[in-house]
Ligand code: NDP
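A single chain comes next, written as structure tokens; it is the form predicted alone.
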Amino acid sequence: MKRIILLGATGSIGRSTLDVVRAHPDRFCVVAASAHTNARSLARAADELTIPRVVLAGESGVEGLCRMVAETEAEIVVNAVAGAAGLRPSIAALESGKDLALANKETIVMAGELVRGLATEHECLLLPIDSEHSALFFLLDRIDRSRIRRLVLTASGGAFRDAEIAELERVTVEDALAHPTWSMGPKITIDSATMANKGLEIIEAVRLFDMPVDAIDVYIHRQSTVHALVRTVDGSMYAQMSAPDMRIPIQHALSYPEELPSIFGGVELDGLELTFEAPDPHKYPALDLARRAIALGGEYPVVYNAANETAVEAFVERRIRFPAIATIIEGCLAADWEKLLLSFEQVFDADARARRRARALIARHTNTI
């Protein structure tokens, strides 16, 4: 029986994780869980699955969350906390010798090399839950690294994939939250609309799989059936395909290195159509900004993430227009930042400084609405 600590139990990833546990009650149990503020849903899950320890992170803060992770006996931590707030619990999981299943991509974006070093030091596994990185993880587990030439991440294109660039000045928060494929939280849904989420995933792929940034491609794939592809030196391409259901990569991470039977949706070939198109860099400037950030390294990926989170928050609060999100990121990256990242303390300091700069830039844009 694998014991699981589930952080972010009431969000979309958390709920999907609970579905996987329900599907395999002989293999998995949740021994601790957290939510940000949704006490009612957390209590319901705790009653149903007899979860002995729960924490409301909105009340106890990150320290309470980290204490729960450190003190609870478990084999694996599923980190589905949203945003930069997920980094400290990731550190606590690895320092306490637990494997880490990551839906919190910011952990790797902000501090990938440091986190990987910590995992090696404590002999822990880092298992991606993002559908794209989970797909790459399992493809790369089966293909010799000497054969690999390029990695391909797929993207839905978000709510505005069919919109003209000129229309983006007028879109609303509600428009941005109308994702065509996935049901996700508001932050990641808006990130999908800007494709900043795919920018974060480019950075994550560089750091998780030791690939140069110019060997990672992104294509809009409307059907969300192919989650990633690997190009090999002989010109072949290998794809991972599954239904757009997050329970599939979650089960992969929880059961690794085993593969368990799945009751979740497979792919039917009859009538299946697959289309791919290169994203327009003028429509999705956040992609090239992410490439710039990881190419510069050091504090720059931290800045990219912090600026994006701060700008998305301002957009949700209707203080800036949608295109200003990428403008804020670009303005933050334009400052001088350290190109070496030596400690977690430096990560948190850079994050705080980047957010201050982003807020100053947002104030200028607020005056122009």
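Since this is a predicted model, take the numbers as computed values, not measurements. Start at 1 with the first residue shown and count on from there.
There is another form of the same protein, the form predicted in complex with the ligand; it is not shown, and what comes next is about it.
- The candidate stretches are 356-364, 342-350, 21-29, 8-16, and the one lying within 4.5 Å of the ligand in the predicted bound form by heavy atoms is 8-16.
- By the criterion of a heavy atom within 4.5 Å, Pro279 is excluded from the residues contacting the ligand in the predicted bound form.
- The ligand is not drawn, but in the predicted bound form it has no heavy atom within 4.5 Å of Asp99.
- Using a 4.5 angstroms limit between non-hydrogen atoms, Ala57 touches the ligand in the predicted bound form.
- In the predicted bound form, the ligand sits beyond 4.5 Å of every heavy atom of Gly298.
- Proximity to the ligand in the predicted bound form, defined as a heavy atom within 4.5 Å, singles out one entry of Pro186, Gly117, Pro180, Gly266, which is Pro186.
- With the partner removed from view, the residue among Ala33, Ile325, Val303, Leu65 that has a non-hydrogen atom within 4.5 Å of the ligand in the predicted bound form turns out to be Leu65.
- Residues Ala103, Asn104, Lys105, Glu106 are the ones in 92-110 with at least one heavy atom within 4.5 Å of the ligand in the predicted bound form, listed in sequence order.
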